[in-house]
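Shown next as structure tokens: one chain only, the form predicted on its own.
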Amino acid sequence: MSKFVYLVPLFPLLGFLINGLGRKSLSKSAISLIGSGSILVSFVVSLLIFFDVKANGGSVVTLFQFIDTDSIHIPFAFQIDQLSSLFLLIITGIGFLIHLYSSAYMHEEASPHYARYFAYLNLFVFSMLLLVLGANYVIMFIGWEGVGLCSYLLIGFWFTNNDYNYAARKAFVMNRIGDLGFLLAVFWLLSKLGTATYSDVFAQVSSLSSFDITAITMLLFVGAMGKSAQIPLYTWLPDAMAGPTPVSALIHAATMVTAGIYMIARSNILYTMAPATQTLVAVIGLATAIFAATIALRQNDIKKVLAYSTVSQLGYMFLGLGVGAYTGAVFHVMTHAFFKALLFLGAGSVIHAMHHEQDIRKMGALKKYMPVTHITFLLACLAIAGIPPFSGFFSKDEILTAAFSKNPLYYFVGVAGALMTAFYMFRLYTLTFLGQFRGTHEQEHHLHESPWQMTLPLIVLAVLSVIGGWIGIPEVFVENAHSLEHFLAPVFAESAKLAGQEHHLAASQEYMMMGGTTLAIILVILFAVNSYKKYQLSEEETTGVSKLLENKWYVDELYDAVIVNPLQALAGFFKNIIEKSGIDGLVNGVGKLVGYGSRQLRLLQSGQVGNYILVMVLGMVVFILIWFNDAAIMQLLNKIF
């Protein structure tokens, strides 16, 4: 079955081409059928490949030679193994649900734009599939750049609004910063090893010096920081909310932001041999998790809360990678895809019912109007908060347990972030669904549940959010029950061997940590619900720490002051002084000089014949002076004078 792997990215690519080229002629039903159907077919093929890999192991499928020189051979090849097959299911499965949801959510768009939207979505999925399927860093980089381009197109989808264009540009530029690090790492590998193919790189990694390995992994991590929104390259992700809500779900849940996690997990051998880089990954991840969580505490835009939640959860994934819990990080990618896609699509359902109102302070009591959205959103909140037996509990617990084994400080800071997660998510839930309705009478009159194309994905994702974590039940509960760890073991086997014997916690200690954390989370949830269930809309101005958090620690303003404004001032200097006064002044000066000279010379054309004869005679005299040698000229002058 693996030999047909090219079909997985091919169908979304065909969907992109058909919808893109036929955007003015196809009907909306045909557009949504092509867009959603192409992803569904890819999901079916991915499912067959997954079972084939589970039964027979992985393989590499080479399609053709992409770059072939005397010293460098880079094939266009796909790597089919446990890690890539799992990501194929996540990308195509969640992607299909988002496409189906979009068919109803975007139905009011005019046909050309409706088709353009689905074409962009298909291209996005194609690029992400290319990223995870590539058998070398060059093919991965092609997909890496593809998702960056598609994020720009989708964030700025409503391009008539300049604010959305600025958000798209911000995402594009900040991703390019990270991409430079990725590209330098690939060049470094090629210069040292002459190859970028995973199997060859990992086989020869022992020939690299510790400096080379550390530098390469650091540069790869810069790329991951940009794509997966880690400090300091995280500010583009909250602004990506400018795009349609299903786009937010696609970017934040199953595709783009998990690219950095996949890349480091794929490069696990390199990172295991670079402990300094691993420590940096863990510290940056933990700092991002806490920092973003504090901002989410005071956000009032329903999508902004979820955006900072995504940044925070990505931080936990990087913490897992940094402490060597590669399986835990990938596990959290999967569970996060379930509940975060559900949260964003649930938010889209709320926004759809509220006629595009996104301020949670102006919502409330939606529970009775939107029962399906309410119950699915609640399940997602319980999952992200880490309440057992929901999916988020198992994956987050695995990361925190590994963090404790590495450094207890990581664990306690991580638990603080988990408590903040529980608080801001149930603040969001309470303000949106409980209490009294705080919107306008017109909004309340039109409140309704979303159509089935929107609620069906919510139900499917809710089921996955509840049971999705059961494939990673800790060994402390049931021996050999962590089927995901056993499935991914071949991918991380070499890293496990290099890392040596792991330090396992005693069962009693692990039970105590789980129980204590869960109890604390439940208390925080009850506190959040009790604090906001009687919330009344007020115009009071926030001050102090609340204002600081509401304004996102003023990081965007700091970036503007330190980076953006000086660069714009420098650009203004080059434009007004160097270009306008210097280069343009020189070029224009030559033109003015030629113009002035021609205006003076034209005065010689007076129309008087006598003047012309005089000039002719003077010309003959000059000619004679030039023609004869110096001695003859002197003799002639002596005779005359």
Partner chain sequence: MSTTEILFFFLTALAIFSAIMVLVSKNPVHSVLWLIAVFFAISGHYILLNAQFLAIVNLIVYAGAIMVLFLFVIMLMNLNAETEPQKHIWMKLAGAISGGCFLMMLVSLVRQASELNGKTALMAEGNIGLIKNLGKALFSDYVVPFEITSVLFLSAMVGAVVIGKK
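Note that this is a predicted model, so its numbers are computed, not measured. Numbering follows the first chain given and starts at 1.
Form predicted together with the partner chain: not shown, discussed below.
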May I ask you to choose, among Ile577, Ala30, Leu614, Val587, the residue with a heavy atom within 4.5 Å of the partner chain in the predicted bound form?
Leu614
Heavy atoms, 4.5 Å, the partner chain in the predicted bound form: which of 38-46, 603-611, 52-60, 589-597 makes the cut? Say which one.
603-611
Using heavy atoms and a 4.5 Å limit, would one call Leu21 a contact residue for the partner chain in the predicted bound form?
no
Does the partner chain come within 4.5 Å of any heavy atom of Val621 in the predicted bound form?
yes
Using heavy atoms and a 4.5 Å limit, would one call Leu17 a contact residue for the partner chain in the predicted bound form?
no
